[in-house]
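One chain follows as structure tokens, the form predicted on its own.
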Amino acid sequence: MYGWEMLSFNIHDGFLEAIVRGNRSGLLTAADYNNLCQCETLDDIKMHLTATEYGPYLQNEPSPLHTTTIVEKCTLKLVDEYKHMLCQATEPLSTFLQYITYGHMIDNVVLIVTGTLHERDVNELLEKCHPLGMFDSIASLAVAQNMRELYRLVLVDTPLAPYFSECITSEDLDDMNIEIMRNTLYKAYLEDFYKFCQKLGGATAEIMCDLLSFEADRRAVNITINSIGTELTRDDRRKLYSNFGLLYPYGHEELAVCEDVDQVRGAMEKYPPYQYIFSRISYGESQMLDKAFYEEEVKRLCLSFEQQFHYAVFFAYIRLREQEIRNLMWISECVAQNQKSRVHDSVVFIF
């Protein structure tokens, strides 16, 4: 029951909540980002990061450094923290933590299948997979020729199996089908996660349903913009939208018929939270939309720490760490390519 979590929450989950709130204090601050943006070389970035919680992961890396090395080591820290929390968790928190990784599993499946389609080496693709989304038979994905084989040979034994019911066809895999598969899987995953959070009830349901609704709405906008000018029909586009969120159902009806970015803007400006996002972007500047959505997401994730006795802090912390790693990758790339004038373009400050 909402409001009564404090009576029993700490029995099983109080320790881990304390851990995740402590970890949150190790996230990089605006001062850290300002210092990182002043760095001249990747070794300067490494030197600054050794004074943070990333220190033990980077201190033994030899020069010359590469951006991929920095990102890989920072991701390793996130994975270690996640595994520590998962080992300590009991039900239903352990299931909740596993749900968080399913999005990475979907991305890894799509990466392997797309890479194989373009005749890339499987080992090279496996190195690029996100470690939180790995599963035992992932390398076998390379042999699948269509969705049915993909499911029967590999995915039937993974947590993604229930999400494949809507996209099993005998059509050969091509770039268009793979992208439709990704979005269909994400839709099924978000809807399943949403129902699970509703079942948990209390503050977890209230906060997580809001965060997942935002994620579903953002995906609906991205699907619409990315499908403009493609052969995807309006009905196919509508089928890829999640059946929940602030835009469901009337916003989805409007997005499904949009034929350019300005029409998307017109549909979204009817919803106050998204009106604010689009008001900060000039007409024709759709490339800045991702950053605006990330900034809004970070604000919502930080707000979830203001309440206690709920699971949303675990979701929020992992998402904030992932945003931090994206920031570090962008800064490192700008420094490595001598594009320091663009270093602030995609950095999203967390605190």
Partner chain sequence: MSSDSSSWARALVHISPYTFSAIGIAVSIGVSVLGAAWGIFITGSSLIGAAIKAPRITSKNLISVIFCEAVAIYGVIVAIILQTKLESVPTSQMYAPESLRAGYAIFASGLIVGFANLVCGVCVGIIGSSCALSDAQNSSLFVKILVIEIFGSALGLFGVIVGIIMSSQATWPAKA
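Only a predicted model underlies this, so the values are computations on that prediction, with no experimental measurement involved. Residue numbers count along the first chain shown, from 1.
The same protein also exists as the form predicted together with its partner chain; that form is not shown, yet it is the one meant from here on.
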Candidate stretches 57 to 65, 288 to 296, 43 to 51, 302 to 310 - the one whose heavy atoms come within 4.5 Å of its partner chain in the predicted bound form: 302 to 310
Within 4.5 Å of its partner chain in the predicted bound form, do 7, 15 and 18 each have at least one heavy atom? yes
Please check if residue 337 has a heavy atom lying within 4.5 Å of any heavy atom of its partner chain in the predicted bound form. no
Residues in 16 to 31 with any heavy atom within 4.5 Å of its partner chain in the predicted bound form: 18, 19, 21, 22, 23, 24, 25
